[in-house]
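Just one chain is shown here, as structure tokens, and it is the form predicted alone.
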């Protein structure tokens, strides 16, 4: 059984809403609401959903870049308090974030050697050890040593993303948080980066929390997938089960929105606004946009249920496979 690298229980992320003359906190916006899941060593868990569903906020909260409000967090079986500087430092030593944009995530004034050297020097590596580690990491991501004295503007988008991946890997992390790492790249380059991440996972045993809104990319790399909507997990299970036999209407809608090559079957655009106006806070968030919505969906609490190895938040799960 693979080691459990990360476990979240009822994770909640709330941003303060400020206003007034004194700019005081008047309310809170809940970006992530009671999310629970585990991530095992060497596993790829994908978080998917539309923009604004809370995927990136959750990843940032794990690194202390967003306010961790409620919930329990354990790291390799040890409980951690992400509001504690001591515990947060331990997490940051083994968890690294790869950003979405390979152009703005690298300092244009620094050479690749400087970009990769700073994290190691901050961890008290001497320069000889650091240089050797940098060379090995560059080889791992498919770049040669001649790249070290060049600057980010001299590389293509795909090469820059490889450099960003190398910057995360140079510290030998146990978990990589991949935040839309292929969305700014061409399709052919996306495939290369996905293949690279898969090779790194197999060689190093690093676990990936892969954030994306592209269901095709998720199919290509993930072991499990969690579908998020307005801060909550709507469905979670193995990638084959969830993407081929979805039980939640939202998952089905996301899959049907994927463009295909057959002009007779155009993608179905999910209509409606992503807001919730039900009086019952635990009722279905997706109800205002769901074609299968019934009166019970907006009047009852809807907890996560389990069936066929899948967790889903729906009173009337779908039965037909796609």
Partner chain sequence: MNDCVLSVRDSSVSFGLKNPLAVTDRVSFSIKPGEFFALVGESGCGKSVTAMSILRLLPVPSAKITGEVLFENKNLLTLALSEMQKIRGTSITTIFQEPMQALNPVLTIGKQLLEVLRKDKNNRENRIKKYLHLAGLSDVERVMNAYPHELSGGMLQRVCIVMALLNKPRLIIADEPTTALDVTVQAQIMDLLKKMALETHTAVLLITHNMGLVAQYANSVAVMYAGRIVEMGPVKKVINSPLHPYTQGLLAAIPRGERGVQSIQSIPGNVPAPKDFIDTCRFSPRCAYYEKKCDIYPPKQGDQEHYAFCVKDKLEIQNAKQKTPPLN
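Numbering follows the first chain given and starts at 1. Bear in mind that the values here come from a model prediction, so they are computed numbers and not experimental data.
There is also a form predicted together with its partner chain; it is not shown, and the following applies to it.
*Asks:* Has each of 77, 79 and 93 got a heavy atom lying within 4.5 angstroms of its partner chain in the model of the complex?
*Replies:* No residue of the spot touches its partner chain in the model of the complex.
*Asks:* Quick one: which of 291-299, 24-32, 48-56, 61-69 gets within 4.5 Å of its partner chain in the model of the complex, going by heavy atoms?
*Replies:* In short, 48-56.
*Asks:* Does its partner chain get within 4.5 angstroms of any non-hydrogen atom of residue 192 in the model of the complex?
*Replies:* Although its partner chain is absent here, residue 192 would touch it in the model of the complex, with heavy atoms inside 4.5 Å.
*Asks:* Going by a heavy atom distance of 4.5 Å, is residue 39 a contact of its partner chain in the model of the complex?
*Replies:* Residue-level check for residue 39: no, no contact with its partner chain.
*Asks:* Can you check whether residue 138 is within 4.5 Å of its partner chain in the model of the complex, heavy atom basis?
*Replies:* No, residue 138 stays farther than 4.5 Å from its partner chain in the model of the complex.
*Asks:* How about residue 223: is it within 4.5 Å of its partner chain in the model of the complex, going by heavy atoms?
*Replies:* Taking the distances in the model of the complex, the answer for residue 223 is yes, it comes within 4.5 Å of its partner chain.
*Asks:* Identify, from the list 150, 123, 245, 219, the residue with a heavy atom within 4.5 Å of its partner chain in the model of the complex.
*Replies:* So the residue touching its partner chain in the model of the complex, by this definition, is 219.
*Asks:* Please tell me which of 176, 166, 239, 115 lies within 4.5 Å of its partner chain in the model of the complex, judged by heavy atoms.
*Replies:* That would be 239.
*Asks:* So which bits of 148-184 sit within 4.5 Å of its partner chain in the model of the complex, heavy atoms only?
*Replies:* Contacting residues: 156, 159.
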